[in-house]
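Shown next as structure tokens: one chain only, the form predicted alone.
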């Protein structure tokens, strides 16, 4: 068995055991199958929705809303975090406001976003943007502030300009923590969007789960929940691959 196959086998054991336990509880009558259907019935419901294309429509709309809010949040939070991490005075002025914003429940602000942007697509992407801002921003600030001062001092002693200092020293050193913040923001984006779609949408995975629960289509509901989990895992996997690609130098660290 190759190293990759062994790693995949090790990582999949817990997931397989979870689904075996789930199926066993339902199949042997240990729980009410109305509340927890078998894995087979859930998979059949998902397959039927894939054949009709209904599930893919909901996935596409959710990814569109999530992607827009997430990308805008990263484009704002990472540069702002770099500035706040580098300029101490700027952080001192903005930090109290930052703490207020990040400790305010995102979903509690959803009525405000509806009032401002309406019930359309903009309000859903806007609330995803708001929720994604803070993990990425805080991690970027922490990453920039955590750069080894000796690296900065050594680079400055060679007379390099500030733009080159950021490009060659600060950003590479802070990148792992920045990417961690981006991955956290991606997870938050999915959670927030699903909740927002349950409240004000006619399409999307959040709407689909809520609608399935309302009409007591429980296998469909669980199929939607598992689909969201799979999407979250795939997004995290892609972000980890991106980090490994742009920070390949980490492999050669002693």
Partner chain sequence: MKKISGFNFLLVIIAMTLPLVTDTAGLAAKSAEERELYEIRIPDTYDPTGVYTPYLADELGYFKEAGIKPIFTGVIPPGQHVAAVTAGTNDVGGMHINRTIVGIAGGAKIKCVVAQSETTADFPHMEFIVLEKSGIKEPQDLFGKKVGVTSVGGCHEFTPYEWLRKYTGVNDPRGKFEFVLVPTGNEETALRTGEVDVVGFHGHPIDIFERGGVRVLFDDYVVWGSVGGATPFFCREDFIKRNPEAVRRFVAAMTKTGNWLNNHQEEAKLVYAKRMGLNPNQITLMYEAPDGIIEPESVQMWMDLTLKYGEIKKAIPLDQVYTNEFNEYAKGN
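What you see is a predicted model; the values in this text were computed from it and never measured. Positions refer to the first chain, counted from 1.
The form predicted together with the partner chain exists for this protein as well; it is not shown, and the discussion that follows is about that form.
Peer 1: Would 148, 237 and 243 all count as contacting the partner chain in the predicted bound form, using a 4.5 Å heavy atom cut-off?
Peer 2: No: no residue has a heavy atom within 4.5 Å of the partner.
Peer 1: Indicate whether residue 60 is a 4.5 Å heavy atom neighbour of the partner chain in the predicted bound form.
Peer 2: No, residue 60 stays farther than 4.5 Å from the partner chain in the predicted bound form.
Peer 1: Please check if residue 226 has a heavy atom lying within 4.5 Å of any heavy atom of the partner chain in the predicted bound form.
Peer 2: Although the partner chain is absent here, residue 226 would stay clear of it in the predicted bound form, with no heavy atoms inside 4.5 Å.
Peer 1: So in the predicted bound form, does any heavy atom of residue 90 sit within 4.5 Å of the partner chain?
Peer 2: Output for residue 90 is no: heavy atoms all beyond 4.5 Å of the partner chain.
Peer 1: Using a 4.5 Å heavy atom cut-off, state whether residue 44 contacts the partner chain in the predicted bound form.
Peer 2: Answer no; every heavy atom of residue 44 is more than 4.5 Å from the partner chain in the predicted bound form.
Peer 1: Can you pick out, from 138, 80, 114, 94, the residue that has a heavy atom within 4.5 Å of the partner chain in the predicted bound form?
Peer 2: Exactly one listed residue reaches within 4.5 Å, namely 114.
Peer 1: Report the residue, out of 55, 68, 199, 26, that has at least one non-hydrogen atom within 4.5 angstroms of the partner chain in the predicted bound form.
Peer 2: So the residue touching the partner chain in the predicted bound form, by this definition, is 199.
Peer 1: The chain here is shown without the partner chain. Which stretch in 184 to 192, 60 to 68, 45 to 53, 208 to 216 comes within 4.5 angstroms of it in the predicted bound form, by heavy atom distance?
Peer 2: It is 208 to 216 that comes within 4.5 Å of the partner.
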